[in-house]
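Consider the single chain below, provided in C-alpha coordinates and representing the form predicted on its own.
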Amino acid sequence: MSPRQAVALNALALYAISAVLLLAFYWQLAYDELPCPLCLLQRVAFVALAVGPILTIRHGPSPHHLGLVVIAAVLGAVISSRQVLLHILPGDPGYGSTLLGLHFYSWAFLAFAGALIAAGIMLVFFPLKVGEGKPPATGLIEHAAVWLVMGLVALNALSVLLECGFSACPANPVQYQLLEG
(Lines give C-alpha, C1' and ligand atoms only; values in the text may rest on other atoms or scores of the structure.)
Protein backbone atom coordinates (compact mmCIF):
# COMPACT_ATOMS: atom_id res chain seq x y z
CA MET A 1 0.00 0.00 0.00
CA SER A 2 1.38 3.37 -0.97
CA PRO A 3 1.67 6.18 1.58
CA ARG A 4 -0.98 8.11 -0.36
CA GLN A 5 -3.41 5.19 -0.12
CA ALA A 6 -2.67 4.84 3.60
CA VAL A 7 -3.43 8.52 4.16
CA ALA A 8 -6.69 8.23 2.20
CA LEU A 9 -7.67 5.17 4.22
CA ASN A 10 -6.91 7.01 7.46
CA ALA A 11 -9.01 9.98 6.33
CA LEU A 12 -11.85 7.52 5.75
CA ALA A 13 -11.31 6.17 9.27
CA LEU A 14 -11.54 9.71 10.64
CA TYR A 15 -14.85 10.23 8.84
CA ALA A 16 -16.13 6.98 10.38
CA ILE A 17 -15.03 8.07 13.86
CA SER A 18 -16.65 11.46 13.23
CA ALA A 19 -19.89 9.73 12.25
CA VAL A 20 -19.90 7.81 15.55
CA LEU A 21 -19.22 10.96 17.59
CA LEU A 22 -21.77 12.95 15.60
CA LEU A 23 -24.47 10.30 16.04
CA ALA A 24 -23.86 10.12 19.80
CA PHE A 25 -23.89 13.91 20.08
CA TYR A 26 -27.02 14.20 17.94
CA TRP A 27 -28.81 11.54 20.02
CA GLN A 28 -27.85 13.38 23.19
CA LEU A 29 -29.34 16.64 21.93
CA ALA A 30 -32.31 15.41 19.89
CA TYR A 31 -33.58 12.83 22.39
CA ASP A 32 -32.40 14.59 25.57
CA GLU A 33 -30.37 11.55 26.67
CA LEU A 34 -27.37 12.70 28.60
CA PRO A 35 -24.42 10.29 28.46
CA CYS A 36 -23.42 8.48 31.63
CA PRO A 37 -19.78 8.53 32.84
CA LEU A 38 -19.00 5.24 31.03
CA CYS A 39 -20.58 6.65 27.86
CA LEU A 40 -18.35 9.70 28.16
CA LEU A 41 -15.29 7.47 28.57
CA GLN A 42 -16.28 5.61 25.41
CA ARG A 43 -16.40 8.92 23.55
CA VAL A 44 -12.92 9.70 24.88
CA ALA A 45 -11.76 6.32 23.56
CA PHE A 46 -13.20 7.16 20.13
CA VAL A 47 -11.28 10.44 20.23
CA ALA A 48 -8.12 8.51 21.19
CA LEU A 49 -8.85 6.18 18.27
CA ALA A 50 -8.59 9.23 15.98
CA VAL A 51 -5.05 10.08 17.11
CA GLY A 52 -3.37 7.39 14.98
CA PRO A 53 -5.11 8.41 11.73
CA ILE A 54 -4.43 12.10 12.43
CA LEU A 55 -0.73 11.35 12.92
CA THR A 56 -0.69 9.30 9.70
CA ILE A 57 -2.24 12.17 7.76
CA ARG A 58 0.21 14.64 9.28
CA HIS A 59 3.44 12.59 9.26
CA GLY A 60 2.81 9.68 6.88
CA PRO A 61 2.13 6.02 7.67
CA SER A 62 3.92 4.33 10.54
CA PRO A 63 3.36 1.16 12.56
CA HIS A 64 3.53 3.35 15.67
CA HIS A 65 0.35 5.10 14.58
CA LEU A 66 -1.40 1.76 14.21
CA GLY A 67 -0.10 0.82 17.65
CA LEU A 68 -1.88 3.87 19.07
CA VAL A 69 -5.06 2.72 17.34
CA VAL A 70 -4.70 -0.72 18.91
CA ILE A 71 -4.21 0.75 22.40
CA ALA A 72 -7.23 3.08 22.03
CA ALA A 73 -9.39 0.28 20.62
CA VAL A 74 -8.50 -2.08 23.47
CA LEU A 75 -9.26 0.59 26.07
CA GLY A 76 -12.55 1.44 24.35
CA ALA A 77 -13.50 -2.23 24.14
CA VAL A 78 -12.77 -2.70 27.85
CA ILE A 79 -14.86 0.35 28.80
CA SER A 80 -17.79 -0.60 26.56
CA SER A 81 -17.70 -4.26 27.62
CA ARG A 82 -17.82 -3.09 31.25
CA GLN A 83 -21.08 -1.31 30.48
CA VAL A 84 -22.44 -4.30 28.57
CA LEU A 85 -21.68 -6.51 31.58
CA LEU A 86 -23.45 -4.07 33.91
CA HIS A 87 -26.67 -4.61 31.95
CA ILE A 88 -26.37 -8.25 30.89
CA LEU A 89 -28.84 -9.77 33.34
CA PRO A 90 -32.20 -10.85 31.90
CA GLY A 91 -34.85 -8.21 32.46
CA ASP A 92 -32.34 -5.35 32.77
CA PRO A 93 -33.52 -2.62 30.35
CA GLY A 94 -30.01 -1.26 29.89
CA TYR A 95 -28.99 2.39 29.89
CA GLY A 96 -30.50 4.73 27.34
CA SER A 97 -32.40 3.92 24.20
CA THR A 98 -31.41 1.52 21.46
CA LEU A 99 -30.43 1.88 17.84
CA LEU A 100 -31.38 -1.04 15.61
CA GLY A 101 -32.00 -3.16 18.70
CA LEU A 102 -28.64 -2.56 20.41
CA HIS A 103 -27.65 -0.03 23.05
CA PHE A 104 -24.96 2.45 22.10
CA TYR A 105 -22.41 0.78 24.38
CA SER A 106 -22.96 -2.51 22.50
CA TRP A 107 -22.41 -0.70 19.21
CA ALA A 108 -19.32 0.91 20.70
CA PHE A 109 -17.90 -2.49 21.62
CA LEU A 110 -18.48 -3.72 18.07
CA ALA A 111 -16.84 -0.58 16.65
CA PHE A 112 -13.78 -0.95 18.88
CA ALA A 113 -13.51 -4.64 17.96
CA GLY A 114 -13.74 -3.66 14.29
CA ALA A 115 -10.98 -1.07 14.75
CA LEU A 116 -8.79 -3.73 16.38
CA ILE A 117 -9.36 -6.12 13.50
CA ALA A 118 -8.70 -3.39 10.92
CA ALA A 119 -5.46 -2.34 12.64
CA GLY A 120 -4.35 -5.98 12.85
CA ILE A 121 -5.05 -6.51 9.16
CA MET A 122 -3.06 -3.39 8.31
CA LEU A 123 -0.12 -4.49 10.45
CA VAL A 124 -0.08 -8.05 9.07
CA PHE A 125 -0.86 -7.57 5.40
CA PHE A 126 0.52 -4.08 4.76
CA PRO A 127 3.63 -3.88 6.96
CA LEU A 128 5.49 -0.58 7.20
CA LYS A 129 9.01 0.03 8.36
CA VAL A 130 9.74 2.87 10.76
CA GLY A 131 10.81 5.94 8.79
CA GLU A 132 9.47 4.52 5.53
CA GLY A 133 6.27 6.51 5.61
CA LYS A 134 7.09 9.95 4.32
CA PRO A 135 4.14 12.30 4.53
CA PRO A 136 2.48 12.51 1.13
CA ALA A 137 0.74 15.63 -0.05
CA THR A 138 -2.65 15.95 1.57
CA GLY A 139 -5.70 17.64 0.18
CA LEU A 140 -8.95 19.15 1.31
CA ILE A 141 -10.56 15.78 2.08
CA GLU A 142 -7.83 14.80 4.54
CA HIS A 143 -7.68 18.22 6.19
CA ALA A 144 -11.48 18.34 6.48
CA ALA A 145 -11.46 14.94 8.20
CA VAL A 146 -8.97 16.17 10.80
CA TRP A 147 -10.84 19.43 11.42
CA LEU A 148 -14.18 17.62 11.63
CA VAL A 149 -12.86 15.36 14.40
CA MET A 150 -11.32 18.31 16.20
CA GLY A 151 -14.57 20.29 15.99
CA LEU A 152 -16.57 17.35 17.35
CA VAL A 153 -14.06 16.95 20.17
CA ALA A 154 -14.51 20.63 21.09
CA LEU A 155 -18.31 20.37 21.00
CA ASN A 156 -18.29 17.20 23.10
CA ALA A 157 -15.90 18.80 25.60
CA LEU A 158 -18.24 21.77 25.94
CA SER A 159 -21.17 19.40 26.38
CA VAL A 160 -19.35 17.49 29.14
CA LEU A 161 -18.55 20.76 30.89
CA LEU A 162 -22.22 21.76 30.75
CA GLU A 163 -23.34 18.30 31.88
CA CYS A 164 -20.91 17.76 34.73
CA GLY A 165 -19.80 21.25 35.67
CA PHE A 166 -16.55 21.30 37.59
CA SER A 167 -17.24 18.20 39.66
CA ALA A 168 -17.66 14.48 39.05
CA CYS A 169 -20.31 13.55 36.53
CA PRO A 170 -23.49 12.09 38.02
CA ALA A 171 -23.95 8.34 37.57
CA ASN A 172 -27.37 8.82 36.01
CA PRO A 173 -27.43 12.36 34.60
CA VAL A 174 -30.81 13.98 34.00
CA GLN A 175 -29.86 17.62 33.50
CA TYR A 176 -26.96 19.84 32.58
CA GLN A 177 -25.34 20.91 35.87
CA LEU A 178 -24.18 24.31 34.60
CA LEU A 179 -27.56 25.08 33.04
CA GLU A 180 -29.76 24.12 35.99
CA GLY A 181 -31.77 26.78 37.79
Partner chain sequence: MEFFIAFINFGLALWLAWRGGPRPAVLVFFVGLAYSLALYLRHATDALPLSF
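Positions refer to the first chain, counted from 1. Bear in mind the structure is a predicted one, so any value in this text is a computation, not a measurement.
Missing here is the form predicted together with its partner chain; even so, the following discussion is about that form.
Should residue 84 be counted as a contact of its partner chain in the predicted bound form, where contact means heavy atoms within 4.5 Å? Contact with its partner chain, no.
Distance check, residue 24 to its partner chain in the predicted bound form, heavy atom within 4.5 Å: Output for residue 24 is no: heavy atoms all beyond 4.5 Å of its partner chain.
Is there any non-hydrogen atom of residue 37 lying within 4.5 Å of its partner chain in the predicted bound form? Output for residue 37 is yes: heavy atoms within 4.5 Å of its partner chain.
Using heavy atoms and a 4.5 Å limit, would one call residue 168 a contact residue for its partner chain in the predicted bound form? Residue 168 belongs to the contact set for its partner chain.
So, 16, 110 and 115: all three within 4.5 Å of its partner chain in the predicted bound form by heavy atoms, or not? No: no residue has a heavy atom within 4.5 Å of the partner.
Let me know which residues along 31 to 51 have a heavy atom within 4.5 Å of its partner chain in the predicted bound form, or say none if there are none. Result: 37, 38, 40, 41, 43, 44, 47, 48, 50, 51.
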